[in-house]
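Given as structure tokens, the chain that follows is alone and in the form predicted on its own.
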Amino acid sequence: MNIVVIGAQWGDEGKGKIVDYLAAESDIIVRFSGGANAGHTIVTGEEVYKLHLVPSGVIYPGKTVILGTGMVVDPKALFDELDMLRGRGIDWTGRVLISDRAHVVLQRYKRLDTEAEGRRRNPIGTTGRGIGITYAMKAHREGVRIGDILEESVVATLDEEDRDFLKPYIERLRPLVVDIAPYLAANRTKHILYEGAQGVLLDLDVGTYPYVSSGYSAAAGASLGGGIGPRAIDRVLGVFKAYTTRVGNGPFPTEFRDDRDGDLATKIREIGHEYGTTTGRPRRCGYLDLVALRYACRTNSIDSLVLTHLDIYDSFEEIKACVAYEYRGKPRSDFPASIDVLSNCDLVTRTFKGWNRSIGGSGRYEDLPPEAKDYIRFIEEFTETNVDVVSVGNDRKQTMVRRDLWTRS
């Protein structure tokens, strides 16, 4: 069975924790897009792991993880991460594989990335890790793939700077490289988990263009970058927070404003530790945007929603969520392509009663306070999608699963 996990907002929704949780019943975990610009935080007991390239399931012994075709891989960042894992007692030997069709992030791409950002008409707020340049080179058919650097004839055509950068990594990469399509075909009877990067609203086509990532964050990317056909996907999970965050530039309709919302942005940021795993930058925070979430469900055929960070609202008297936009006096119930509308609309919100108690110790969905369940019920009705998993803390144990996700519908 094949399950796809994507972010249903602008990234940082808690996908890493959910993938780590589902990995317990998975055999293989495939990350299908992105590069070292992404960041996943895994908490298990007292241990905290921050991953950028290696799929989250690597923490479990015996699980195979694959960096898929749609990824762009910085060899230095990859081996820094693998060395960190080994130093912390995670034996990944024979369990980390890389698609031979994934593209390589060359060192000079980072310099080009920073220079390009400085020239942009609309600065994106890039992480400067060369991701966009690598995808651009790929589209220009001038990129270098993982499989290419194992061939001396290809390496000989590269610039001296590129050859010098790659030289220490070629033989270290060789035993990790795999042809992903036949590998997954041979393992098609197993439980395979496909892990996305960033979120749907940062997808190159579906997201808030041009303020998006350069890769695909939508569920369709699991097929394009994961080595399977679209009809092989059995279930799509969309992960979202009880509120919304965004890093970098671009429209954010529900972002908290001091003149309207007081200190809500600071309060949520501090309670939720909303700082980028990769950049350390404070995340922009706002109300849950149900218009955007419904759009994510519709454009990705999301079967089940996964709600995270619900516990951040434990001390709130009331909670608000956006149910529509208003632009120039006219209501908008759908998520538009227009950056001007998204940047200048007013919000139509609905207010919910808070629960004023800690829910981090709730072991079952039934143990949640009625107010929390009312909030969840409204989200389900609005998006027409079931919330099948609820997370109330960082630890694996603080996860409530309302249906067996590994059973075909």
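Don't overthink the numbering: it's just position in the shown sequence, from 1. Everything quoted here is computed from the prediction, not taken from an experiment.
What follows is about the form predicted together with a small molecule, which we do not show.
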property	result
Residue 20 within 4.5 Å of the small molecule in the predicted bound form, heavy atoms	no
Partner contact for residue 228 in the predicted bound form: the small molecule, 4.5 angstroms, heavy atom	no
Residue 394, heavy atom within 4.5 angstroms of the small molecule in the predicted bound form	yes
is_contact(residue 77, the small molecule) in the predicted bound form, heavy atom dist at most 4.5 Å	no
Listed residue (176, 312, 290, 144) with a non-hydrogen atom within 4.5 angstroms of the small molecule in the predicted bound form	312
Residue (of 356, 349, 41, 344) lying close to the small molecule in the predicted bound form, criterion heavy atoms within 4.5 Å	41
Contact stretch among 41-49, 22-30, 374-382, 60-68 - heavy atom within 4.5 Å of the small molecule in the predicted bound form	41-49
